[in-house]
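Just the one chain here, the form predicted on its own, laid out as structure tokens.
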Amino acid sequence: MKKMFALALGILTAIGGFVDIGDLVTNAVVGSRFGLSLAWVVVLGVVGICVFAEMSGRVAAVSGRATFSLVRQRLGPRLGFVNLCGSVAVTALTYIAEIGGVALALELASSINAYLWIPVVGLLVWIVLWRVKFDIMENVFGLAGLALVVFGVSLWALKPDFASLATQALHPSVPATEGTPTYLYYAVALFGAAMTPYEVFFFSSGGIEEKWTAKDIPVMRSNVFVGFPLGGLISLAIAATSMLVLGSSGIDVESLGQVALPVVVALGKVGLIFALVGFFAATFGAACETGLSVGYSISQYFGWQWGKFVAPRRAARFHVVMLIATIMAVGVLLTTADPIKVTEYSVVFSAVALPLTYLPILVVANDTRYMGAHVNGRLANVLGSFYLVVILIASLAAIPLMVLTKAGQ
């Protein structure tokens, strides 16, 4: 029973980790403009994050070491440092977006300007990172994030022609109102949102926090192969409801309130309450995960003590890194940077940094010195190699498409 309870909580945490502010905004924008013609990208991203999350979790369980601890040793300090800089830069940008997302959720619930919430959010996130136990943090926000299932309920309540939705998803095409470069730009953004680098940093480090061993691999795989696909289904529901309510009315998504509008139309105030709880849980949980990921990456590379499984005074540099990252995130947002725009840029730059994240994982997962009998099998290597090609294409195309389309305008 204890193992089943742990599995259920792990699955819910995976849902909360997959649907963050980047997924909320990007899927709503894509749904309102492209309908379900980009649903294939969500499926592609879900399979990809499952492939590499399973590898990173297996590496952590077998070797007892997290991603960046092995990156430096396997790639060498110089190449590992380049990897570290690129990955941390993108994770820090995502951290800024997530804190901004929490502030937007609180603004939507309270009507108090988001910029007044930003310092409060930064303080609350830091307190959680500093004092709250890992399993409590993980499980509370994972459970609350399940409220985002309200988008699936809303889709059902809107009573669409599901056969028509399936046809649109299975036969993708560029809408007459959009150009091919813009379609490809949002395909890259959606892929980057699905495979955000911090997800695997957090997942592998979380395995160390929870003291996984090789015996825990089946539970880890269950979390991955059930949790992330459920998160993908929520993403598709967000896109579909946005298409039905926003797209049909010609409404452009420029705020988090517009992301919630389809739920209000379908279910009224009760639906809005569930959406607000889901928004807060997903963004706050993701803010904690990205903040931890910054601390994990830097501390693991330099060999510092890290983790919430030790007292803060024993991992002082780990906590200082997260404090500095939080102060910087709040400072950037208080320059009146638009959290929605920061979110849009974060998912695109995530696509740029994907090779830096996933190549080392594939390399280590094939190294018998660390993995022994648990090295990648043929299927994992075929899928991993295929996704490295896709990741490289997305990485090379991201910036040119951003410039060419003026960030999807």
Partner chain sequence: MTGIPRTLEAKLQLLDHQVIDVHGEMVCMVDDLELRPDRRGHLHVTAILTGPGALGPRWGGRFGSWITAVWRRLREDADPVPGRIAWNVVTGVDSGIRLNCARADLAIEGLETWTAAHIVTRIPGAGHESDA
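Only a predicted model underlies this, so the values are computations on that prediction, with no experimental measurement involved. Residue numbers count along the first chain shown, from 1.
This next part talks about the form predicted in complex with its partner chain, which is not shown.
Shown alone, this chain has one stretch from 130 to 138, 283 to 291, 102 to 110, 263 to 271 that lies within 4.5 Å of its partner chain in the model of the complex by heavy atoms: 130 to 138. For the chain shown alone, Arg313 is a contact residue for its partner chain in the model of the complex, at least one non-hydrogen atom being within 4.5 angstroms.
Interface residue remark: Phe225 is not counted as part of the site for its partner chain in the model of the complex, having no heavy atom within 4.5 Å. Not displayed here, its partner chain is kept clear of Ala166 by more than 4.5 Å at the level of heavy atoms in the model of the complex. Taking the partner from the other structure, its partner chain in the model of the complex has a heavy atom within 4.5 Å of a heavy atom of Ser63. When you look in the model of the complex, the only residue of Thr326, Thr182, Ser154, Gln300 with a non-hydrogen atom within 4.5 Å of its partner chain is Gln300. Listed residues Tyr95, Phe279, Trp306, Tyr198 were compared with its partner chain in the model of the complex; Trp306 is the one with a heavy atom within 4.5 Å. Contact annotation for the candidate site: Ser242, Phe349 and Pro355 all lie away from its partner chain in the model of the complex (no heavy atom within 4.5 Å).
With contact defined as any non-hydrogen atom lying within 4.5 angstroms of its partner chain in the model of the complex, the contacting residues in 69 to 95 are Ser69, Arg72, Gln73, Gly76, Pro77, Arg78, Phe81, given in sequence order.
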